[in-house]
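Just one chain follows, in the form predicted on its own, and it is written as structure tokens.
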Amino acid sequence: MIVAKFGGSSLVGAAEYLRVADIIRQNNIPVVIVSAPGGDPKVTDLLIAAYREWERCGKCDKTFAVVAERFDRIASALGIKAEAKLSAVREDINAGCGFDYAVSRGEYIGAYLLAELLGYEFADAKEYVKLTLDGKIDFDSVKAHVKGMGMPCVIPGFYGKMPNGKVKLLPRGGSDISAAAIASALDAEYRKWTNVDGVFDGHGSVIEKMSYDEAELLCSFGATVLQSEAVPLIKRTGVKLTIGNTFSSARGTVISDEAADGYALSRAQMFLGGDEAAAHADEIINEGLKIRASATVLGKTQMLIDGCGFSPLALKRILHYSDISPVSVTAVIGKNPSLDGEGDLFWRGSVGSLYIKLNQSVGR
């Protein structure tokens, strides 16, 4: 069995929906997870703006009209009626449905359109993607619920339901996490279609295979082709993941228990903290940031703080610790990489290495 996930770049407009539908039919895929339509601007960003408009004015009508126009254009070209669904979402936002519910409706409407186009069942993520109260995947619950899932079906990504019944967003890029959880729960092959040919190596070519741990390292430090939190979900059941391109026939990258057949690297902007920051690690995490790695050098702690998605207020709060500095981080996997100019070795493990150098372009 194949579980497929299509990202927002694969579902920008009606032509892309038709292409995705052809891929699904040609590969006889029974379970499909989708992101909200991408493009400029992304539907998710428009829904965030619609919710902010509701916060300011008590109504989201002006911004939501742009969301509705995007979906109406797709639906009309595909011969699908979406007015009632869109009207219901607008009314829900205006009634105070909450941020997570409002922002998740991009995936909800997008999945509905693809299900109608394919003649598949629409399966609401809240019935199958079960979350703990802190918003993490409750894998045992997911596994129990997908046993009764009707197939073939299309499922919205990016959100699930907590034990209290509320819809909860996963981290940005969370449709990867939804799909990984469902594929693992079904013990199915997982294929992710996006707008690139796979994971690229240090020479601009696609690396054909890598291990779960190698993929998690790269995706935690700058590679955007996959949400890093999806990797432990597929690793736990040994599900094979293939990352391929919706718009080409390239072989893609296979992520499994086999190590990389070359080398690859990724880069990210982060913050390097010392003993003072380490003493306030819980506070930093509570601000919504992640501590990606730590090391002890001559009895002193150093840790890499991921500011991806941080709010300006969170950044201001952590930067008051005197030993936090902005750095560039390069993660490297595989054999015989050229590391000239990549910075100082911060950490070396069994699956890769991290190098850091001061980044003067990010100020306090």
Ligand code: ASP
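The structure presented is a predicted model; accordingly, all values stated were derived computationally and were not measured. Residue numbers here begin at 1 and follow the sequence given.
The discussion below concerns the form predicted together with ligand ASP, not included here.
Taking ligand ASP as it sits in the predicted complex, is Thr63 near enough to touch it, meaning that at least one heavy atom pair lies within 4.5 angstroms?
The answer is no: Thr63 has no heavy atom within 4.5 Å of ligand ASP.
Does any heavy atom of Gly174 come within 4.5 Å of a heavy atom of ligand ASP in the predicted complex?
Result yes; Gly174 sits at the interface with ligand ASP in the predicted complex.
Please check if Glu107 has a heavy atom lying within 4.5 Å of any heavy atom of ligand ASP in the predicted complex.
Output for Glu107 is yes: heavy atoms within 4.5 Å of ligand ASP.
Options 24-32, 38-46, 66-74, 51-59; stretch whose heavy atom lies within 4.5 Å of ligand ASP in the predicted complex
Careful reading of the contacts points to 38-46.
Heavy atom within 4.5 Å of ligand ASP in the predicted complex: which residues of 54-72 meet that condition, in order?
Read in sequence order, no residue approaches ligand ASP (within 4.5 Å, in the predicted complex).
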